[in-house]
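Given next, in structure tokens, is a single chain: the form predicted on its own.
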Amino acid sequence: MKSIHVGRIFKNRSSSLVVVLLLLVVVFSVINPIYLSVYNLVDIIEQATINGLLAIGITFAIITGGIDLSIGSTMAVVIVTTGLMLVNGIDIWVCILAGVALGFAMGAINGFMVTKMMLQPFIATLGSMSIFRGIAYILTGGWPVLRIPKTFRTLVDGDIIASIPSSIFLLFAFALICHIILRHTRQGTYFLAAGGNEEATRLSGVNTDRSRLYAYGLCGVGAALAGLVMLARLGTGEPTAGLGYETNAIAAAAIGGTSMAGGRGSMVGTVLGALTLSALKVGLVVLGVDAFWQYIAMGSIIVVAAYFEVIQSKLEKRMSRLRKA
């Protein structure tokens, strides 16, 4: 009964986000018809690509009851490392695979600190955030990596169909794969169980440490893919890339229904959360709203999303009492 009830909640949350997203489009379109243009709608999805990839990855960490504050720094290391490999003539596919593997390894390092060193996820990833950022600066001497090959940029973020970049397809492909992992594999069940009740999950014979290690590794993969897209989009490898990006990723996951306490999450909801944030940001830009107000809007959304989770939890407890009665 409980799993069915939770499933219905996620379905309703996703449906609500679709309604909110459509309302944003309608409201901004009424105020400024340019918002409804095909080019602008594609731009909304394109702007959500990097944040969406980060949010999908961090959803795994949050579901297991953790957090990863280092995803922006992981992005930077992958960006400069891949950039240096590319400008030195290494094969594009080798560079891409190396970047993804590096992201997984950096995420696994966070997982190791959380599981084996018994550090709190906040502290562990706060430390790695600084360490990884320092590595990015050391690798480049603080200078950007220039002359990224056009072939790489075209492959990762080039237009495929009518000005639709390949990075959008990468976003949805990664979301689909992660959705299958989370909802249709045993490991996905372990992720959710470890975040819901780690001790009970461990007593049932599940290796929760390994599950968390995999979760943080997948979080690193999301950061690596986001880094590759940014590298292709900008054409330079900046060691400062990704600063503050973890806030938007966490916000997208929270809006999408991922519980900050762990045990609940949906890749569909996370993607919709990223699209909702992007739609709001682009709408404020189209209306000419000052960038400073965008920070206020972002913070307000995070608070509302968190409060919605509190209300949802209270409703679940009330429903549980009614069923027992």
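What you are looking at is a predicted structure, and each value in this text was computed from that prediction instead of being measured. Start at 1 with the first residue shown and count on from there.
Keep in mind that the form predicted in complex with another copy of the chain is not shown, yet the notes after this line are about it.
Visitor: Heavy atom to heavy atom, is residue 151 within 4.5 Å of another copy of the chain in the model of the complex?
Guide: Taking the distances in the model of the complex, the answer for residue 151 is no, it never comes within 4.5 Å of another copy of the chain.
Visitor: Residue 122 versus another copy of the chain, in the model of the complex: is there a non-hydrogen atom within 4.5 Å?
Guide: Yes - in the model of the complex, heavy atoms of residue 122 and another copy of the chain come within 4.5 Å of each other.
Visitor: So in the model of the complex, does residue 31 come within 4.5 Å of another copy of the chain, heavy atom to heavy atom?
Guide: No, residue 31 stays farther than 4.5 Å from another copy of the chain in the model of the complex.
Visitor: Using heavy atoms and a 4.5 Å limit, would one call residue 20 a contact residue for another copy of the chain in the model of the complex?
Guide: Taking the distances in the model of the complex, the answer for residue 20 is no, it never comes within 4.5 Å of another copy of the chain.
Visitor: Pick from 250, 156, 95, 178: which residue has any heavy atom within 4.5 angstroms of another copy of the chain in the model of the complex?
Guide: Checked against the cut-off, the match is 250.
Visitor: Can you tell me which bits of 131-161 touch another copy of the chain in the model of the complex, meaning any heavy atom within 4.5 Å?
Guide: Contacting residues: 131, 133, 134, 135, 137, 138, 141, 142.
Visitor: Since the CA distance of residue 301 and residue 23 differs by 3 Å or more in the model of the complex, is it closer or farther than in the form displayed?
Guide: Compared with this form, residue 301 and residue 23 lie closer in the model of the complex.
Visitor: Given that the distance between the C-alpha atoms of residue 27 and residue 309 changes by 3 Å or more in the model of the complex, do they end up closer or farther than here?
Guide: Compared with the form shown here, the C-alpha atoms of residue 27 and residue 309 sit closer together in the model of the complex, by 3 Å or more.
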